[in-house]
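This document starts with one chain, in the form predicted alone, laid out as structure tokens.
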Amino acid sequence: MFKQITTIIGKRSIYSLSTLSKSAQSTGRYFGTAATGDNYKPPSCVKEEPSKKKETNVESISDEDIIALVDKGEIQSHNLETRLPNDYRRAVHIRRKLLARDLQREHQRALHAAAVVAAAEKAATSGEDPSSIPTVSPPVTNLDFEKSLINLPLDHYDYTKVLGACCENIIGYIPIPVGVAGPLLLDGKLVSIPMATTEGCLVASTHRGCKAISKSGGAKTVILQNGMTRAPVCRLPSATRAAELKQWIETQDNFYQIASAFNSTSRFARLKSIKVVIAGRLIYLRFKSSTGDAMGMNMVSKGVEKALEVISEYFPETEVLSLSGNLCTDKKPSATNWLEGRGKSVVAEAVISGDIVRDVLKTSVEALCSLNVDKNLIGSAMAGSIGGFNAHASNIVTALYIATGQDPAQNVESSNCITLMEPINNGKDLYLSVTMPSIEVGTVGGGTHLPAQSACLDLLKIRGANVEKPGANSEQLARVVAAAVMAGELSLMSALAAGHLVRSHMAHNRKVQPKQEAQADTISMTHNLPHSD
């Protein structure tokens, strides 16, 4: 056994010495006589000759031959689509085979190494003669990566819409169930809400909330502000100079000059404000701009770069450290987004009839209002929450974002929400509202152009850009998000107040296991939803 280990170590040592030798030969011109030769030139001065080797036409060769070229380094795995421009599906298939093979080899090596170490430790503990230990054979594994990847879908997907836009090194796609909640009567119109989720009860619960709101006259929404933000961080020679830049930016004529440069980068970007924050000699400039029907991060970033050019003309010593200085704030909890807003700031409200609270939601107005204070307000305050004064806003936000091609990571700030409930009409009815200051959505760009996501936007009648009123489609999506969150809040809070939460999850969030395999085809997949009448 120790001979095996010594042999392995010895081979590695020989390899290392060989590698070092070759490295020394290749870099020898930097040392001794090679570096002082008359014809020596530093690498930076040597013009590299373009490769004259003709690329292999891989479209006409087999998958195995392509894999061999990848192993030789003649083709990069991430460039398979480029080399197979007429068959992206084949490129993805070959990448899967490469991945499965490499994972299998690495897994087998790891198991073998573990077995060798275990045998050596056993011999050392027992005092056994190392020379008598038999050769350790690679253990057999039941893990088959190629078989596992069969469950990751490959076919029936248009990869041309993904490459260069949504994902790299593609090996397949994840199918996520999409349910529909509603219809919800929203601002006088019925809307059906697509939700992509794997959490049982979520769609059913949101559906019940939609039903209660619609039966009570519907929801109304208002958009308080609309503007995407980007905040670069810059450094100046001193805090004094940083303060002078702040004062310069906040002068109206100078702001107009910056805005003119910013707005020149897009037909839809219109700079609204620049909030300046100073820390020592660091200065953070939080640009806020309208972005039409796009979520707008890239659009705003492009405008910010142009604006910084103008600032640098007047303050040439300004050192731009990063285009994003985290005051934006993107995909991170922050008081800035909670107080200042980002994207669309929306309020949704509804009055729920006391009869509906009793008959549909199975609770009372008094119980709901009391629980909302104790849980969503006091409980969240005790937790030190920022923007988390709600029951589960992020549940609905994320499900809607995945369904409609938004950036799911932006649920962090988009889920900022405070849910308020109060009794009205002498305590008979319930006034309900959600205030969400930073909903970040778009109906163009990102994943909105993918077929499935486009279909969900079609259900909402807001796919693409609104030609007549740019920005109207993305604003409508933000309204839908807020109203759907309100429906989800109403239903979950009612379930908690009535003590139904665990019961509903046990009924709808657990996989049914048949007693006998033969009975699998006869199991009913229908449920008597606790949220229905």
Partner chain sequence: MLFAPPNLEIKELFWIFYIIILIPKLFAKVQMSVRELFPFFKWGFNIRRSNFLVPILSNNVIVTGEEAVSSFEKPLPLEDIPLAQQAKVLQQEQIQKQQQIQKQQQQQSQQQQQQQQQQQQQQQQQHQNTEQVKVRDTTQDSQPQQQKSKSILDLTNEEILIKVEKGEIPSYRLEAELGDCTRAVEVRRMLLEKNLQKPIQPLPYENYDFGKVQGACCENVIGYVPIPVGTAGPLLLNGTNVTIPMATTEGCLVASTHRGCKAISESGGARCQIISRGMTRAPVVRFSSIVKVSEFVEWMNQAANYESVKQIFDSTSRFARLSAIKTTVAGRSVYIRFKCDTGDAMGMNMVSKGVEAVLNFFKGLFDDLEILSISGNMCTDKKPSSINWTEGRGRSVVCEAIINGDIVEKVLKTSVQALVDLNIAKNLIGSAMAGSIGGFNAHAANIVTAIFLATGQDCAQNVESSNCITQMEAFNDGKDLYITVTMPSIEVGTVGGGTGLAAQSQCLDIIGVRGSTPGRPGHNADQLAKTICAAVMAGELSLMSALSAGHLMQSHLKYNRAKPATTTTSVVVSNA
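Predicted model only: the values in this text are computed from it and were never measured. Residue numbers count along the first chain shown, from 1.
Although not depicted, the form predicted together with its partner chain is the subject of the following passage.
A heavy atom within 4.5 Å of its partner chain in the predicted bound form is found for one listed residue only; from A165, A114, A243, I424, this is A165. Interface residue among A239, A409, V222, A118, judged by heavy atoms within 4.5 Å of its partner chain in the predicted bound form: A409.
When contacts are judged by a 4.5 Å heavy atom cut-off, D330 counts as touching its partner chain in the predicted bound form. For the chain shown alone, D458 is a contact residue for its partner chain in the predicted bound form, at least one non-hydrogen atom being within 4.5 angstroms.
In the predicted bound form, its partner chain lies farther than 4.5 Å from every heavy atom of I67.
Although the partner is absent from this view, K375 contacts its partner chain in the predicted bound form, with a non-hydrogen atom inside 4.5 angstroms. Considering its partner chain in the predicted bound form, the lone stretch of 140 to 148, 244 to 252, 120 to 128, 82 to 90 in range is 140 to 148 [heavy atom distance within 4.5 Å].
For the three marked residues, I170, V360 and I402, a heavy atom of each sits within 4.5 Å of its partner chain in the predicted bound form. The partner is not shown here, but in the predicted bound form the stretch 439 to 468 reaches within 4.5 angstroms of its partner chain through a heavy atom at G446, G447, L450, P451, A452, Q453, A455, C456, D458, L459, K461.
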